[in-house]
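Form predicted on its own, single chain, as structure tokens, below.
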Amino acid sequence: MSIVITEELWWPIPQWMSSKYEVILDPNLHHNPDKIASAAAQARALVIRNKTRIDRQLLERLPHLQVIGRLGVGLDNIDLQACREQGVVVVAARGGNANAVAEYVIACMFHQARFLGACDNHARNGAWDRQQCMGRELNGRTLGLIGVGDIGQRVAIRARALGLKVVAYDPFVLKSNMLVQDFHVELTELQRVCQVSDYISVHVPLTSETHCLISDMELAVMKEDAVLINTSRGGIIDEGALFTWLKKRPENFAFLDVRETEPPASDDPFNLLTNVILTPHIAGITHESSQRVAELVLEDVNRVLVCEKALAAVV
């Protein structure tokens, strides 16, 4: 049996897998569905990240496929209904990179509050103006979460430990949730989260319902110095509206780890803005999370191939 990996694994292929299966690792396959179909014509398993698009047409060209392993948690690049109809199991690294993303969000808040890089440049250039380098404390500020699934919950718990008040919008979370009862997170409407928060962090999947969930109306009600952090998917925030908001309101700030088109064009207008930090979709990528994700997904792929029940199946 063969397993085809279409993107970087970012962790060595385990010896148990290479001795048991024919493993084809080609991180350039994701660019071309025809090449995927050719390489995986006899494959029982595909292992992918977010760049590989699995649609019905590709699945129909892979008659032996039993399982897709998603090295991450976003599923917007996989036609889940087509997988169900063709009996293909989909496993994802649920929770595998959640800690990494949560720490990235906390790092963004500290970065904006204390701007140590700018202070370093200030001191290296011979200045010693302590007032100019005065930052703010996170303690007592308000963090708004849009979505409190696995990642959002971890962000909330860490933020509460730092003394932030946390408000959240998630229509699928009940007031009996441990975040509400044990960590005093306030569940409220999306508009109010945008209105009262000093920091706003997005943690919802990209679906037809969440596409452009944050647009002109939500941005317009945000505080004059609100900071927006997106580690989820680029399409959840209307990029045109966001660019206009940041350009007109230089006192606001955004951290964008994800974009609607990845990578963005070389003439990306956000490159011209000084009140935004852009990172290349790395919030969930650390040495530790890469190991957890690879081990979780590859072990679950093996379970399916040996006719055992997958532990992290989403389909």
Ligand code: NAD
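Residue indices: 1-based, along the sequence shown. All figures in this text were calculated on a predicted structure; none of them were measured in a lab.
There is another form of the same protein, the form predicted together with this ligand; it is not shown, and what comes next is about it.
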May I ask you to check whether F110 falls inside a 4.5 Å heavy atom distance of this ligand in the predicted bound form? no
Q86, heavy atom within 4.5 angstroms of this ligand in the predicted bound form: no
Residue contact check: Y169 to this ligand in the predicted bound form, 4.5 Å heavy atom: yes
Is there a non-hydrogen atom of E209 within 4.5 angstroms of a non-hydrogen atom of this ligand in the predicted bound form? yes
Heavy atom within 4.5 Å of this ligand in the predicted bound form - residue from L246, I54, A283, A40: A283
Residue (of D150, E186, D79, E239) lying close to this ligand in the predicted bound form, criterion heavy atoms within 4.5 Å: D150
Partner absent here, but in the predicted bound form, which of 157-165, 121-129, 226-234, 135-143 has residues with a heavy atom within 4.5 Å of this ligand? 226-234
Using a 4.5 Å cut-off on any heavy atom, which residues of 240-275 would contact this ligand in the predicted bound form? D257, V258
